[in-house]
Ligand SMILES: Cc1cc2nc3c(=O)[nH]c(=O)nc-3n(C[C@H](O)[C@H](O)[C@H](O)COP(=O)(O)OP(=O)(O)OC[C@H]3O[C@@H](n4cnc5c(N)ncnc54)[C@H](O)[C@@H]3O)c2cc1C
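A single chain comes next, written as structure tokens; it is the form predicted on its own.
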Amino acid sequence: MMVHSRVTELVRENKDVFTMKFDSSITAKPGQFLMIWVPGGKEIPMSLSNTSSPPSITFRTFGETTKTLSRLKIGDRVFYRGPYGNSYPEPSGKVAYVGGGTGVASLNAMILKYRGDVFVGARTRDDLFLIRDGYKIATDDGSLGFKGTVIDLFLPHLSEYDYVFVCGPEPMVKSFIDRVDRRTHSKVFFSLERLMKCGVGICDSCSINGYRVCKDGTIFSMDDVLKMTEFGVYKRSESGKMEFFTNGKR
């Protein structure tokens, strides 16, 4: 059932990323998502970047719905269904978070709840957001922190952690999977991103090898992702057309 809430705060994080707080009493866990809608736009999935009260979403403007969201004012209404999906497991021991792109938004809800070391990657320093003191940063151009990818930065430290949570674009996550030591003792979980239309496991647009990202995830263990032979190789467009990732192979 779709409900609506009023916008209570809208903060511009960088040139095209915004965080919106809204007056909702929803009960959600880190890793869960909402199907967001505004008049004139499409329904789109968004992870909650904060599950406390008031909850928030953090998003990059890339289409009509997100552009409309970025133009809302305090008191305007935002419509949504959910929360949907499973959640990150509760960690123990030493914890690491590895985020790239808007994946940092999903991880942020966990970071606020469970302490850990945070590794963040972006193309340039201007693309970073939700950064706090102590974060370990990688930029492709070396404009801030380590020069290279966040995977390059993190993997040498994998063995130091008991739990690792990863979220980012599919090619980034596939790079992690392809390069990780499969014998690691670390418990590794991924929040996967795929096109979603229904959010409740009916339309199958987000399916990977029969796993419905919206219903069976979006959080998957490394063992689950290793079984997904389609992951990082191809995805489905909105029309259902198969689209291959650059250099997509398993």
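From 1 onward, residues are counted along the sequence shown. It should be emphasised that the depicted structure is a prediction, and the values quoted were computed from it without experimental measurement.
There is another form of this protein, the form predicted in complex with this ligand, and it is not shown here; the text below is about that form.
- Residues within 4.5 angstroms of this ligand in the model of the complex, judged by any non-hydrogen atom, belong to 44-52 and to none of the other stretches in 44-52, 220-228, 181-189, 22-30.
- Checking Val164, Met110, Ala105, Val120 for any heavy atom within 4.5 Å of this ligand in the model of the complex turns up a single hit: Ala105.
- Although this ligand is omitted here, in the model of the complex none of Asn209, Lys241 and Phe244 has a heavy atom within 4.5 Å of it.
- Looking at Gly63, you'd find a heavy atom of it within 4.5 angstroms of this ligand in the model of the complex.
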